[in-house]
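First comes one chain, alone, set out as structure tokens in the form predicted on its own.
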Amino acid sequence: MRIVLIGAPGSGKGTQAKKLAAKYGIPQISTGDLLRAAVAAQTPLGLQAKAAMDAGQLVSDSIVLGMMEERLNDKDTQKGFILDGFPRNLPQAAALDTILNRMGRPLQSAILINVDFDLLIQRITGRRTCRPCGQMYNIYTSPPKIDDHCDLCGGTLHHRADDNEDTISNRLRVFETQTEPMVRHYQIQGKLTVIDGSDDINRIFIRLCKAIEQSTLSNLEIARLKKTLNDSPPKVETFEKTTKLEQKAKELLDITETNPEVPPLQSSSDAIKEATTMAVKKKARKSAAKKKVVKKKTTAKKKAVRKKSAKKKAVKKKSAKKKAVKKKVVKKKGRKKKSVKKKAVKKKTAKKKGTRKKKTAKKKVAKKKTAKKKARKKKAKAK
């Protein structure tokens, strides 16, 4: 539910925005609150805005739009939001459309709370605000029980200096000139709803809720028509454009309002309930699909890791086998070399022993010969 509330100062759009936010559970966003929060938090945009305000200048559209984009990215705006008093002119409206379309969350409805200028002047001049708690009163339409004191906290009520007739008349003229092109812009888009804001607050609120529910119902019907067209495209080219779909949805809405027997659009509340259930189911399907995708990815990753580890193990085993084979070959070669060396050493030692024996035998033979010669010589001398 993405809504813009448009209204002149004193039209009651702020009060209605708070009531709508409480009913539908979506945040109310106003430029004043954004500026105060950004300045208090001393964000970069807040510091720029403070510098402009301190210099007595208006805060530029670029700063305001930057703050708005940051706020619309917060989690609490995912279900929807109510823009209170923004945009104020056609350039801001066009820039807001660009931001929301980029986010994929275009504006659904722009509601203009229309109030006569004389009544607006009476409302604003009679406006009183409690300084401690911020509660608002009007001495003409909703006065406090005790004059100049808040009913909630008992604080003193404050009357703004610029809430005088001349200032208000000027502000209303500026509002009219700036807002008229913007209102036409939303009217061309088929998003504008005009509500009489001169009635009682509660009755205005009922009208607002009905307008919002009808716009939600129209969006639901457009979605249904798109789905049926996608499932079974007609032979004749009908409802090809979004504008035609919107027209058909409005026709169906009129039929359901005049003929209560037509299911399933007996009331806007039923349609909203159906829309919420459809959204919940869609989210559930998306989350289930995401979980399946995540599971597939995780299993695929695990398998890939297992394959890699198995490959590494196989490579390690192969390398280990190769190393073992190499070691065996090296050991065999070493053994062979050792045996060859031993044999060569044995041969050498055997040769040495043989030569030694031969030498010793020769020596013995020589000794014997010399001994025999000596014996012969002795015999000869004896004779």
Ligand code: AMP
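Since the structure is predicted, the reported quantities are computational estimates derived from the model, not experimental observations. A residue's number is simply how far along the shown sequence it sits, counting from 1. In this text, rigid core is short for the largest set of C-alphas that superpose within 1.5 Å between two forms.
There is another form of this protein, the form predicted together with ligand AMP, and it is not shown here; the text below is about that form.
When contacts are judged by a 4.5 Å heavy atom cut-off, G32 counts as touching ligand AMP in the predicted complex. Taking non-hydrogen atoms only, Q42 never approaches ligand AMP to within 4.5 angstroms in the predicted complex.
At a distance threshold of 4.5 angstroms between non-hydrogen atoms, K307 is out of contact with ligand AMP in the predicted complex. Within this chain, I26 is remote from the site of ligand AMP in the predicted complex, having no heavy atom within 4.5 Å.
Figure note: of the listed segments 50 to 58, 317 to 325, 338 to 346, 354 to 362, the one touching ligand AMP in the predicted complex, with heavy atoms no more than 4.5 Å away, is 50 to 58. When contacts are defined as a non-hydrogen atom within 4.5 Å, all of G85, Q92 and R160 contact ligand AMP in the predicted complex.
For the residues R131, H149, R171, R105, the 4.5 Å heavy atom test against ligand AMP in the predicted complex is passed only by R171. Core-superposed comparison between this form and the one not shown: the CA of L34 exceeds or equals a 2 Å shift. Superposition on the rigid core between this form and the one not shown places the CA atom of T129 2 Å or more away from its counterpart. Relative to this form, in the predicted complex the C-alpha atoms of L172 and M53 approach one another by 3 angstroms or more. The distance between the CA atoms of R105 and G46 is at least 3 Å longer in the predicted complex than in the form shown here.
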